[in-house]
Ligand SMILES: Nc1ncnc2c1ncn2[C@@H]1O[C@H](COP(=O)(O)OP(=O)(O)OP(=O)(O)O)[C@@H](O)[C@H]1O
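Form predicted alone, single chain, as structure tokens, below.
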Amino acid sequence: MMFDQAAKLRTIAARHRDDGGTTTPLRIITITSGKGGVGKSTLSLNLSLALAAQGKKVLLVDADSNLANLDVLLGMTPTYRLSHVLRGEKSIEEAAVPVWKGMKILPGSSGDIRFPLIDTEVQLKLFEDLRALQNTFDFILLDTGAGLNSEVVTSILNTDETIVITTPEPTAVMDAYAVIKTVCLESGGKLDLKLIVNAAWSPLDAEETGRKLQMVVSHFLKTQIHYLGFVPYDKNVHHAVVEQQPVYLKFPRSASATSIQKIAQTLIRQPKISYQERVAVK
């Protein structure tokens, strides 16, 4: 196994996902990718806004351990960050910053030499604190760092759903598959996986990318990854990033903003599947 604590993580993940049969509106979702440069953070930010526009209460957590940039995308200088929460200096609600109606962000840290070592116990305490917010938020989205490491795997194993972001480029698809393969092995294939193809040149390009990745995942990993939709290549995204404004707000009628809104609507319509339900069908 790639990670020494895999067995422990699976046990803890099962315990934390099992809600004992109670109903809760809260859905905690990890958003990840195989490689950097696929627009993961930009998409996480705009998807959060699109969910909030549908009347959902959303918390976006910048979970990149020490190269966070969501606050930069918003042009903000937050007083408190995730590192303050992990050090026990502030609660999540004290550190979270309102961004838009119904949406808050928990900024991450960048270049903070006092950032706590992110071990399993520290992360699990964070997830306990996040789940305690079940009466405050409908969605909590965690924007992880790019790549594959123990922090990303722990996040995926301890959240309800995982959205994998890729572009149609072969290297991005292969790196996305590497992440999917690793977490499937760690979890025994009992994950709720979803896929978004970003920066696609056409709907056909996106659908072909999604279809190929679905086929490979199904054939080799014996599990499913559900296609949520795609976001087309759009110059407005670059312009919005340069102006440090979300494209969903800066260019609400753009092709990218419209596509993200459709993805948010699709995500809302899909019911939360409990860990017990996923185990039962295996």
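Worth saying up front: this structure is predicted, and the values here are computed from it rather than measured. Residue indices: 1-based, along the sequence shown.
What follows is about the form predicted together with this ligand, which we do not show.
Proximity of L47 to this ligand in the model of the complex falls outside the 4.5 Å heavy atom cutoff. In the model of the complex, at least one heavy atom of N198 sits within 4.5 Å of this ligand.
When contacts are judged by a 4.5 Å heavy atom cut-off, K40 counts as touching this ligand in the model of the complex. The closest heavy atom approach of L60 to this ligand in the model of the complex falls outside 4.5 Å.
Between this ligand and the residues L124, I92, A146, L133, the one pair within 4.5 Å by heavy atoms in the model of the complex involves A146. Of all the residues from 201-234, those having a non-hydrogen atom no more than 4.5 Å from this ligand in the model of the complex are V231, P232, Y233, D234.
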